[in-house]
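To begin, one chain is listed below as structure tokens, in the form predicted on its own.
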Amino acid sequence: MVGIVMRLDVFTLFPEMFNGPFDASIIRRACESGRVVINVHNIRDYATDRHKMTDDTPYGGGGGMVMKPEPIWNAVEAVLGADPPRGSQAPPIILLTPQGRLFTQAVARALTTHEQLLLICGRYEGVDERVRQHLVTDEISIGDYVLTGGEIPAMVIVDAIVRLMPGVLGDPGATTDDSHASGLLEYPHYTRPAVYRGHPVPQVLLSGHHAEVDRWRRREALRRTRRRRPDLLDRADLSQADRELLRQLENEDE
């Protein structure tokens, strides 16, 4: 057993949604090893009225319901205390909302530098604005679309973060080749058999020449990114050799 590397606290109205994703595969192994501790808190448990109400109609009218501030605040304070840490020692309190900043691989990597993260799953029309203004310290969206609630985004963020934690993946270098890890899409992968239904594996991968394999993989990563996500090339950290490979790819398409 190793020391705890990160604690993740998830606040939700539907804790049962997390049973499958957090009880399998890499996340389960990370928890069993002690590298990560995940606590899922039912916001309803922190409602103060006898009906355990967590939402109400919006002031000013309109359709839908709004999550009340008291149960969310109470749940967070039950974890952090009534006087939570401030400044650089304070764990991020993140609201999952379509209005948040876009979640990327770079954001995931930055979040792994914290010992604790708190993730609040919004629902219905959203949360009372006072939660956004005076409780949370960050807002994150996983894309420009609307989901029923913040539970699936929370799962996405936890998965992306946990796999970056030291020792979680068997291969220490596995995360460096992932799509978006270096700003590019990942190169193609092949495995046995060498020929399947008449379709062969590229010969360079069978050559045993590691330098040529590395060059081929980089070239194909650039090719795939250029074709599928050319916008990523504007932000990628490209070497002079990469730029030369891109020029060659452009000449091939002419």
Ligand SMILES: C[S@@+](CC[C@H](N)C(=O)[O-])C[C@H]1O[C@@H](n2cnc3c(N)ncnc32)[C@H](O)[C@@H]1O
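All residue numbers are counted from 1 along the displayed sequence. Remember, it's a predicted structure, so these values are computed and weren't measured experimentally.
Just so you know, the form predicted together with the ligand exists too; it's not on screen, but the next bit is about it.
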Review point. If you check 147, 169, 80, 106 against the ligand in the predicted complex, which one has a heavy atom within 4.5 Å?
Key: 147
Study note, to complete from the structure: Exactly one listed stretch (70 to 78, 159 to 167, 89 to 97, 129 to 137) reaches within 4.5 angstroms of the ligand in the predicted complex by non-hydrogen atoms, and it is 89 to 97
Check your understanding: Does residue 142 make contact with the ligand in the predicted complex, using a 4.5 Å heavy atom cut-off?
Key -> yes
Check your understanding: Does the 4.5 Å heavy atom contact test between residue 121 and the ligand in the predicted complex come out positive?
Key -> yes
